[in-house]
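First comes one chain, alone, set out as structure tokens in the form predicted on its own.
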Amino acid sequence: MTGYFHSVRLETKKCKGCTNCIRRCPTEAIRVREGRACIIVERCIDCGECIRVCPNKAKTAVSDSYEKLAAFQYRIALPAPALYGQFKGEYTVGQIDGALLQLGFDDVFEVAYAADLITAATQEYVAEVGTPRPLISQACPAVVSLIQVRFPLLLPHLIPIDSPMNAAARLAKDQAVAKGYARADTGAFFITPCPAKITAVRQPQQHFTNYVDGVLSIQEVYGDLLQVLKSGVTQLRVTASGAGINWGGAGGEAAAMGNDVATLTVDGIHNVIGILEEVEMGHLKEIDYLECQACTGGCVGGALTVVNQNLARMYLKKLAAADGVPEKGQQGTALLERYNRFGIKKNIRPRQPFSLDEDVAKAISKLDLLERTLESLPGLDCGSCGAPTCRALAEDIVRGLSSETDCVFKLREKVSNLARKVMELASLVPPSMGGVRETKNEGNGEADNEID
């Protein structure tokens, strides 16, 4: 994969070069140059951290719009479980599904039901596979990208089972074909809480088959859904269990795995990095299943949601426990067999690694220069240079993308040295202007002052 698509975009005119984004980016994918932020595409994982922290709303996520629905005769909505937590618990899951039918969709397939199936498949996989440990869920595409960029040695820890989003689209389209609709005329549209899932659809992992045709953000559909719900809708039958619905909040995946599996949940991309560092060092082997969520609070904390993630998690749990939601049981055994437990045959590959030079000898030489450059920098990681850390600046200097004087401390040092030299020069007076110079007496070696 040589090119990268990213749903996270920068609106240059809004950017004021405040450096908030470079401090929070987990992969050091952002620099500020000439007063504007810029994104290093091979490092970006579309986690949405920059969208959250930008005070000027200069970072956005590019999703599809309702107009894309017109390209398909039969349109299926795939609501993320996080969507149900956006309405203060005032409406049931069935009502929210029903409201989607009035926004131009012909059918609704709950991603939470696909989460039930993925849970069952994962339980079997964890029980069958002994190593490595811990096994890591692939449900969060931002975490998968993070591992590709920063922790490639942990790629074998990823569970080779498809995401609920893609599994739901596959199931929904097959059901539509069974009803008599042509596959080419059937469109599956995911309602997403985060930009990473947009990228996962637009540019799926190599060797992956993508079944989702479009992605609408929760922010885009929320207002329209709320108006429809207030006017009254027909309630659809809920197919997902409470456990599947709870996948929308941090800890939902792990809870669905049951008490027989040793699980650990970590949410928030920087917290995830800390745990993955532990795993990389060979720790946490006593954990069977590691649930990693890039967004704080899980998907309900996604950058494209509306409600505060703490409130959304509370509302989601309330809906999951409501009457009419099926009990978690043996989910879709026949479907699991039919779809080969939604297994992924090919392993995910690491992103193109960071390289100082394609020539190995030159790369080693540049690495030595990088270390020496880093030693000369103050090590404060202040971000004033437009890079997140002094090491990142040293890398940019060695690659010819920055100069040492981009560091304000090195610039001040050079300016101070220059000022001192200017003062020394200013104190000198040429002999023709009556300056005094020292000469040595050849007889006794003593210095005499001569006036020109």
Partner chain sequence: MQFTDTPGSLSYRFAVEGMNFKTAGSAAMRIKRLLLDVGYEPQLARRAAIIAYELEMNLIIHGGGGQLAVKLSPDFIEIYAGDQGPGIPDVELAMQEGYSTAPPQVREMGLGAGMGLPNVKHWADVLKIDTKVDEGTRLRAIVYCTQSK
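As the structure is a computational prediction, the values presented were derived from the model and not from experiment. Residue numbers count along the first chain shown, from 1.
One more form of this protein, predicted in complex with the partner chain, exists but is not displayed; see below.
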Identify whether the partner chain in the model of the complex is within 4.5 Å of every residue in the set K68, L101 and L103, based on non-hydrogen atoms.
no
D185, E277, E337, D260 - the one with a heavy atom within 4.5 Å of the partner chain in the model of the complex
E277
Residue among N308, Q175, Q352, T209 with a heavy atom within 4.5 Å of the partner chain in the model of the complex:
Q352
Using a 4.5 angstroms cut-off on non-hydrogen atoms, would H283 count as touching the partner chain in the model of the complex?
yes
Taking any heavy atom pair closer than or equal to 4.5 Å as contact, tell me whether E28 reaches the partner chain in the model of the complex.
yes
With a 4.5 Å heavy atom cut-off, would you call P326 a contact of the partner chain in the model of the complex?
no
Evaluate G332 for contact with the partner chain in the model of the complex, applying a 4.5 angstroms cut-off between non-hydrogen atoms, and reply yes or no.
no
With a 4.5 Å heavy atom cut-off to the partner chain in the model of the complex, the contacting stretch among 118 to 126, 137 to 145, 154 to 162, 209 to 217 is 154 to 162
Note that the partner chain is not shown here; using its position in the model of the complex, name the residues of 360 to 379 with a heavy atom within 4.5 Å of it, in sequence order.
V360, A361, A363, I364, L367, D368, E371
